[in-house]
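One chain is shown next in structure tokens, namely the form predicted alone.
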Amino acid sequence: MMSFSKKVDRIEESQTIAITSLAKKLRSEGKNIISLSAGEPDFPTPENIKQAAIKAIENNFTKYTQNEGIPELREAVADKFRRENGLKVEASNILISSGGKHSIFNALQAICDPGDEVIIPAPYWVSFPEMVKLADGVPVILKTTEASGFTFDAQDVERLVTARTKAIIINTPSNPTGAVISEESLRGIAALARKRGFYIISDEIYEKIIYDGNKHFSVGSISEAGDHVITASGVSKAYSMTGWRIGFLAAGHEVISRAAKIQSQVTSNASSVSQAAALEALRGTQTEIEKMRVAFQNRRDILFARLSGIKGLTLSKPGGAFYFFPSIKGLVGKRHGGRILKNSADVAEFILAEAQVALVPGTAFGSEDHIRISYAYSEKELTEAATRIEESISRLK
């Protein structure tokens, strides 16, 4: 019998993608599904960015580019990191890739050997542990709690550091919790990374979607951290460019050269047209970005008011990104008809079947006691979804 890769058998399919696909399938079958499962802004890509892509096509900018990205975009990204994030980088420290996920994948492939341990705070983005496994590394899960606001500090991290620790992945603001890690905590973790000799992979894809007067702090701006920090970001979330697939990595030359070598053998350069669009995103007007951020904050507040009144759900206001991560402990053990809800998957399936609202069970993010609800959707959809969820939960016994 023909065999298959054991590495692939050890990883899980992305549940966020699977549930979003299921919601689309149910819609195609005529069901009135509201999907709050995807982390995808519903706003159109800003007009100036679209026009830059159209111009690139009209100018036949459709061929291969440099593997690391076009020089103009690498310089624009370096300038953005220097100006907005306080990183001391040049264009040579930048790698343009096919999305933020691809950037982190390249970084892990560049630094990990078989058996290396990578600390991942939980709840985590679904792909972090699987990307570590694909790099032959070992995910080491750092559990956080609602009581701490799903945050952590250097002492929490140090308890998990061993001789095999290669890196920690930090995502702030966080998917799925919306938690924002404080500057004080990040400084402590940076000092620990330098002391114990491991990398910090800082996923900052939601850096511009932050609320209540909070300011994003980049751990890579800490001069003492030096080349211990690898910073990943992109244009998907802040610029509503998820399908354009442009991410970027900032790191020391040794990491970037190795990540670029991997990319050269896997995808080569990111899309030429998308790079032209990303250049306009970074260099052009930023007015639409702030409008979208304000809209997300308004949506957060509207949905929080509605969800807070649903018995069985407990939640707090996220400081960034566009997700709620409510506890469903109050629903476990309840029944509808002959069915007893035992876990987050049961709750998500119940809400999909009874309310026709698609959510993601917390098990996908390393927590059985929660569900993830995205509010990257219109106020009308969010209000209707909240009504449906409340009515379905009220029928539980």
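Since this is a predicted model, take the numbers as computed values, not measurements. Sequential numbering from 1, following the sequence displayed.
Omitted here: the form predicted in complex with a small molecule. The next part is about that form.
Undergrad: I have Ala122, Phe150 and Pro318 flagged as a candidate spot, so tell me whether each of them has a non-hydrogen atom within 4.5 Å of the small molecule in the predicted complex.
TA: None of them does, since no heavy atom lies within 4.5 Å of the partner.
Undergrad: Partner absent here, but in the predicted complex, which of 38-46, 23-31, 56-64, 339-347 has residues with a heavy atom within 4.5 Å of the small molecule?
TA: Going by heavy atoms within 4.5 Å, the stretch is 38-46.
Undergrad: Heavy atom to heavy atom, is Tyr239 within 4.5 Å of the small molecule in the predicted complex?
TA: Judged by the heavy-atom cut-off of 4.5 Å, Tyr239 is well away from the small molecule in the predicted complex.
Undergrad: Using heavy atoms and a 4.5 Å limit, would one call Val180 a contact residue for the small molecule in the predicted complex?
TA: No, no contact at 4.5 Å.
Undergrad: Should Ser202 be counted as a contact of the small molecule in the predicted complex, where contact means heavy atoms within 4.5 Å?
TA: Output for Ser202 is no: heavy atoms all beyond 4.5 Å of the small molecule.
Undergrad: Does Val126 reach the small molecule in the predicted complex, with heavy atoms at most 4.5 Å apart?
TA: Taking the distances in the predicted complex, the answer for Val126 is yes, it comes within 4.5 Å of the small molecule.
Undergrad: By the heavy atom within 4.5 Å rule, which residue out of Lys208, Lys101, Lys133, Arg187 makes contact with the small molecule in the predicted complex?
TA: That would be Lys101.
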